[in-house]
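Presented as structure tokens, the chain that follows is alone, the form predicted alone.
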């Protein structure tokens, strides 16, 4: 069972939930930048939540199914066509042998995740099939190109031959970074900002730079400054950290961030908003609002619980189909 790539799109990569536990040897997590979207797409086609799928950025690929397979797309709204017929996202569909699936540009947001029944069955590298473009790591350590052939694993017995006729409501799961302020936990070095810079951080918008990628969102706007020079040592990093380089323009670390670094840390984006970071496109405006660690933890728990309940509901619906 194989899917062939006819056109790779702007930046399409193979991603699962990433590599966990290798930071001590300098290997980052990588993986899907919106894990909720990948897990939900996988659920719609009967896959395990962490099955490898395809992350599609801004302009999508064109794919040919060598064998029939179910598929689902969750995330940013793309125009999707199967053999010229328009399809809806956030639901499962079935392609037949020889069918061609193509995507145009994202109408809003930046990324979507394509799940294929059985998952993309490339060999695991350090426990994951994810592509890490920055590190050049993975079974396919680059973006997809014409001529690539992606093997699929054996699908489960869900969904049945006819795809379910229902779909998910994307509103709880898809929001762009500029929809409302990003929730920011204060970082260790935040109190060292000048008062003017603190006011800028909390009250003025920044723009997503065109130099952003899967490593970090780089922000354009009024430069931020500290009250005095800071001496920082290299320390472990996590996704969502907001660092302030010497040029005073913040950057927000994403899934391919280095495992350690020495720039000052002025904050950490709450985990509940990481999916919104994945949808930030160049030129979009973003703002910040400060929240407490307790509030960030509560919001994360609520979102994780909602996702688990929805995936269980999908599983029951597919079993009854």
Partner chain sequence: MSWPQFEPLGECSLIVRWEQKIDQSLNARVHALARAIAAAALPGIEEIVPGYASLLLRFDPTYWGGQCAHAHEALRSRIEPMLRQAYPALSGEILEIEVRYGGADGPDLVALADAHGLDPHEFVARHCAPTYQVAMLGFAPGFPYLLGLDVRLHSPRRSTPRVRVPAGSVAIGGAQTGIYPSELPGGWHLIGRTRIRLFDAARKPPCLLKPGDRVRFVPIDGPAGASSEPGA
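Numbering follows the first chain given and starts at 1. Fair warning: this is a prediction, and the values are worked out from it, not measured in the lab.
In what follows, reference is made to the form predicted in complex with its partner chain, a form of this protein that is not presented.
Taking the partner from elsewhere, residue 312 is found to have every heavy atom lying beyond 4.5 Å of its partner chain in the model of the complex. Proximity of residue 58 to its partner chain in the model of the complex falls outside the 4.5 Å heavy atom cutoff. When contacts are judged by a 4.5 Å heavy atom cut-off, residue 146 does not count as touching its partner chain in the model of the complex. Interface residue remark: residue 239 is counted as part of the site for its partner chain in the model of the complex, having a heavy atom within 4.5 Å. Screening 48 to 56, 22 to 30, 275 to 283, 66 to 74 for residues having heavy atoms within 4.5 Å of its partner chain in the model of the complex returns a single hit, 22 to 30. A heavy atom within 4.5 Å of its partner chain in the model of the complex is found for one listed residue only; from 196, 188, 227, 142, this is 188.
The listed set 126, 100, 122, 87 contains one residue whose heavy atoms approach its partner chain in the model of the complex to within 4.5 Å, identified as 126. Shown without its partner, the chain has 125, 126, 134, 135, 137 in segment 118 to 142 as residues with a non-hydrogen atom within 4.5 angstroms of its partner chain in the model of the complex.
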